[in-house]
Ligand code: ADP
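Single chain ahead, written as structure tokens, the form predicted alone.
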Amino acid sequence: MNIGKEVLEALKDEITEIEYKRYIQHLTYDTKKSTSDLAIFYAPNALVVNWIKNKYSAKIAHLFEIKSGNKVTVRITLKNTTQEKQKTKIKAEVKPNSSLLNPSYSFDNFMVGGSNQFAYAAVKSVSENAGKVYNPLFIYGGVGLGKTHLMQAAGNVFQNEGKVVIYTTVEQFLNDFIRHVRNKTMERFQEKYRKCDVLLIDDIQFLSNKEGIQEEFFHTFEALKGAGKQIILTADKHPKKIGGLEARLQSRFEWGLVADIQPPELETKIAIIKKKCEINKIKLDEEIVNYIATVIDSNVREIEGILSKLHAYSQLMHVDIDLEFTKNVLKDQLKENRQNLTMDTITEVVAKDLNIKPSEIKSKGRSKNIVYARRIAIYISRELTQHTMPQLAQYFGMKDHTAISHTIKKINDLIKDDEDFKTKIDELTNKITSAS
């Protein structure tokens, strides 16, 4: 596989599958004309050229530098165009960054909410007092919640202060290690990683069960910590829950501060969507923003993908984005997201939120709070799953599909008449889609 394909494969892991299939997978890398400092890709049409120019050309250049160690200019152009047309029309070039940090990651454009406020405050504090507080700083949480954004935001602050900052993933650290071992140049490896002012490492969980690299990382950690240099690490789980990790590393990861990032609550998701719309100049009314926030999961990358998809469909089909259009565009994606969403999950989340037992929702109980919870669970199950009304009736112990239809009508009436009730439904829907 050539390096161009490797870069596109790496980008695949960082964007939505829909965007990758619609745009990125159609790029072809010119192995003959590309050089160590110039990467040329061909796109099938001007729409793809312009979209990648605005959205991902900087990221492609960033990934090239990670893969090759070289700063490159990325050029994306149409197939079968003359060199003159390339220069005057649809050339998309990116100057390489001065480091592997993504300059678009900053504290200013990170959306803070209750789910990430502690982590944000910790990283911000570290960015103002490198090596003096919370060292190391260990951030953990699920995919697409902003760990890398926060870490690189701090890195950009340090770099602007003139500090030597190294940002890398465990995979790149390991590849670097192996290359220097083979070339018998370990002193260069150690000089690089142990003499920096700030070390930022993503996905530290991939050190798991790699004894040789754990040994090297331990000594790197000790050298930096002993010299008062700042270390920031990210992972998908708490250090204690990373299997195959040496006890001495685990303990050192907890020396400073461990901060988690949880999936964003509804209000934060709404704020994220509005911010992304502002950045990308996409106009959505409040009803559409709330709908997107409640029906998708908590992955910020998926939010970006959905907004890009809506914008692209709207532009290509020359229609305004309204709620019906949004639902139609997203229906296949939402169906795919919810293949694993069950009525058990819905019932458990509703029961927990309303402080009753899941078995009570499915029982014949007629007390006010049980009936209230059952109606909500039925309504959300109808909205979020593909189950038929007879199936819902059987699951919730109702007489037949007519009873289900009557229940759904009551909930719809309440949503129209009671704004607080509508908010409760939205919050529960958000919790369920985040849990699925």
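Treat the numbers as computed from the prediction; the structure is a model and nothing was measured. When you see a residue number, it is the position in the sequence shown, counting from 1.
Omitted here: the form predicted together with the named molecule. The next part is about that form.
Stretch-level contact analysis of 158 to 166, 315 to 323, 282 to 290, 143 to 151 against the named molecule in the predicted complex, using heavy atoms and a 4.5 Å limit, identifies 143 to 151. Residue 301 is the only one of 124, 301, 180, 237 with a heavy atom lying within 4.5 Å of the named molecule in the predicted complex.
Proximity to the named molecule in the predicted complex, defined as a heavy atom within 4.5 Å, singles out one entry of 362, 276, 229, 252, which is 276. By the criterion of a heavy atom within 4.5 Å, residue 109 is counted among the residues contacting the named molecule in the predicted complex. The closest heavy atom approach of residue 272 to the named molecule in the predicted complex falls within 4.5 Å. The named molecule in the predicted complex comes within 4.5 Å of no heavy atom belonging to residue 347. Residue contact with the named molecule in the predicted complex: residue 105 places a heavy atom within 4.5 Å of it.
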